[in-house]
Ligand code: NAP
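Shown below, as structure tokens, is a lone chain in the form predicted on its own; questions about how it binds or moves come after it.
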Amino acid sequence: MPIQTVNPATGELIRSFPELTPDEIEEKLALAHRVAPVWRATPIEQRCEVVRRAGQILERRKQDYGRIMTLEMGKPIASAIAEAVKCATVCAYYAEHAPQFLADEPVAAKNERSFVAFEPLGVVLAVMPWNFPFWQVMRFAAPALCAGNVGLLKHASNVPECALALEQLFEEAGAPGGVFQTLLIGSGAVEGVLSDPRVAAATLTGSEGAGRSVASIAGQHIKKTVLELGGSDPFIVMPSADLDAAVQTAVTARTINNGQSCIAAKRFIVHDSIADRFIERFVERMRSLVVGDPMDEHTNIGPLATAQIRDDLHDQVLRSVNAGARLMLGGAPRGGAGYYYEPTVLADVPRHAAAMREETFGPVAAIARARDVDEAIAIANDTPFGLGAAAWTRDANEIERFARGLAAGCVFINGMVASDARFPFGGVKASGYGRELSGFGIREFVNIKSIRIFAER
């Protein structure tokens, strides 16, 4: 895939970038390797101050950064600006809490001074996707840099301007040259970088296929990886729920980021006794969404990021209808320029249909019915994925059943699944392994070292 900025709202090519040559890749690897021990030896308070300043720049320039995101991948401008602000919050969070998370932990032992230390691994390769082009990078970079690691970013090929802006961000924040670098390379060059002995570990957010590839390469070289992959999150609604609130949140949860989010609700599992009312209200709200220019602050749904994503989504819709799903709304690409897809609702979707078995990236909702709590949980867990899950109920027993019974990295009751710097984020099954964010996330790329100093005898 060429490295270029294409406006998905128009299909217009804005700018192309040459891939780094092998010699240029070597220069960046060598620089990262040289600066790694310097950054590691920098007091954590100073490292955190660089990350804090990066957050302040993100907040100050949120409008500019938002426009870059919207131009390259099509998210509505208000959402793009909010993403920049969220990135500022994760910087502030780790700048404040990293020293505590990484402080030596004493272990009581007789006749010795013993403790656990947390030391950086070194150079970490981050392979990142286009759908949240700032947030998914910063939720890695903020903790990794605070911990004393050095970052190499291989961003998605359709968001090169975002990738370069992030490199410049850390330079302006005062990070020494080489502490955070962008590699403008295609996917074919990832193996060579990850295999290089100067790279200690890797993190990837992306598709299941990309995760398998990176994990395989890293495994051959015995390198640590964290993978955050796809999701097909269930959104369960039971009879005791506030139906209006559930419907309103369901629409937002399905269409956030034009429906292109790993933790977007995708499979709506509704108790049979309220399913008809839910479908009617859900369709009404989906129909009212404004589809249009993502630079317009009144737009709810912008274009999908690429023509291929749009075409793949349409194929999933057609296969789901052929499998027996009822098409209630939409179901087709929008005519004209750009990679738009109409907000779409599929009802009574069979469990074997594409919209229930595969991750759908776009504004397409699949609705299924459940007779009771047991069937709702069974349908929700009948998926290769396990990233997030939501359930709506006021019944105390049901709340406990869903909280404990849903197979996911995070479960939200009466709320929308979202990432938050205070909580660990990641999945199970084909959604990946490892955790980002919180104290768990910052410890993913450190050497957890046991140190025991015995008294002389």
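Note that residue numbering begins at 1 and tracks the sequence as displayed. What you are looking at is a predicted structure, and each value in this text was computed from that prediction instead of being measured.
One more form of this protein exists, namely the form predicted in complex with the named molecule; it is left out here, but the text below deals with it.
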Stretch in contact in the predicted bound form with the named molecule, which is absent here, among 123-131, 67-75, 372-380, 85-93 (heavy atoms within 4.5 Å): 123-131
Proximity to the named molecule in the predicted bound form, single hit among 361, 341, 282, 180 (heavy atom within 4.5 Å): 361
Contacting member of 151, 234, 302, 231, with respect to the named molecule in the predicted bound form [4.5 Å, heavy atom]: 231
The named molecule contact in the predicted bound form: residue 253, any heavy atom under 4.5 Å: no
Exercise: residue 186 in contact with the named molecule in the predicted bound form, heavy atom 4.5 Å: yes
Partner contact for residue 425 in the predicted bound form: the named molecule, 4.5 angstroms, heavy atom: yes
In the predicted bound form, residue 265 touching the named molecule (heavy atom, 4.5 Å): no
In the predicted bound form: members of 197-224 within 4.5 Å of the named molecule, any heavy atom: 204, 205, 206, 207, 210, 213, 214
